[in-house]
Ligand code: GLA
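Just the one chain here, the form predicted on its own, laid out as structure tokens.
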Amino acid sequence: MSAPPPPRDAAAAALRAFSEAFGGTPDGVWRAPGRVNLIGEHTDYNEGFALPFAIDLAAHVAVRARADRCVRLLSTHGGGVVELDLDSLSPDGAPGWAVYPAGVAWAVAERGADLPGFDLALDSTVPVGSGLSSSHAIECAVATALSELAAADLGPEDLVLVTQRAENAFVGAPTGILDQSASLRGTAGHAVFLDCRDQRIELIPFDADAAGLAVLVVDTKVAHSHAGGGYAERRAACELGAEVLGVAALRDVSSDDLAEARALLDPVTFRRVRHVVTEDERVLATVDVLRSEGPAAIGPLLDASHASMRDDFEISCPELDLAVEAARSAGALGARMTGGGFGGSAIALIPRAAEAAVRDAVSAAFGRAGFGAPDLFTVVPAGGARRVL
């Protein structure tokens, strides 16, 4: 097993890129982490429950206000400087990754903030397309920075809605509030127990390391996009299910209602509904188990969540299924895909003593299947978005 490369200093990289592209120094550097969703997938836009945590991989943005209405954006991942007009921001005019900071600027301005033009340089250690919410990390870092530069006095709950607005109305991805809630409100050593109906959170201790465990991420390198049709189709099916069942959202349906739902819904819509209903219940059960028994006891709930996403919600893929199966066979206590699906990453909760065996088993299984080599790395619950310089 090869040693992982040393972590990149993304704040320093953003500062260097800023100086080289725009000259001088920024007004500050802000960071926002990616997230792992421990359990609770596709429950957020159904006003249900989720249990994500912010991770120790993050987007950093170096930002400086301008005296004019120009916006200049640069990423260390390439593409050169993108120049936009703050007063005429549109999705069509923001190429590639620039749609995320542009969308946030648009949403902050929509709130009535006196937003100046700005120069921005980005560096991120969150793998793109991995299901670890690289796009929301960018958006949350930018939102935190622009709120401060515009003296907009937007708290974390406000910034959650700002970034959701940017995703839904500007980027065109019909996402809920899970990712940005973890990124903006996460705390080291804890998972964020999120009620997506009213944004209430409770920080649940999740110190896997103290329990002799690790959370291993298996990035399958199968890219996904929330703006694609699969995600929108799942959301539409959930909305149809809620309408037919006469509830405001699937949050209001319980397992006891599923027999009636089966009779009223077509088979595909029923399976989508069943996933959300049972996933909400798994989130609540996971929180109870963490409180009463600790991290080592939640493995079966992670396994059940993956089966539901694979069979009922149908958002897994062969690479994700193989990652989960190989990790379990090599000693993982539980494993599941994480994120919106159709690619991205799986997570495995593993005893520290079994980490090398699990890593080797997953890599070997991918090789035998003819899949590209996955990236494997561990993550820990980290703090949320903040100014760092």
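Owing to the predicted nature of the structure, the values given are computational and were not obtained by experimental measurement. From 1 onward, residues are counted along the sequence shown.
Same protein, other form: the form predicted together with the named molecule, not shown, and the subject of what follows.
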TODO: Evaluate residue 125 for contact with the named molecule in the model of the complex, applying a 4.5 angstroms cut-off between non-hydrogen atoms, and reply yes or no.
DONE: no
Open item on the list: in the model of the complex, does residue 231 come within 4.5 Å of the named molecule, counting heavy atoms only?
Closed with: yes
Task: Proximity of residue 178 to the named molecule in the model of the complex, heavy atoms at 4.5 Å - done: yes
- [ ] Give a yes or no for residue 339: in the model of the complex, does one of its heavy atoms lie within 4.5 Å of a heavy atom belonging to the named molecule?
- [x] yes
Task: Contact stretch among 349-357, 322-330, 58-66, 34-42 - heavy atom within 4.5 Å of the named molecule in the model of the complex - done: 34-42
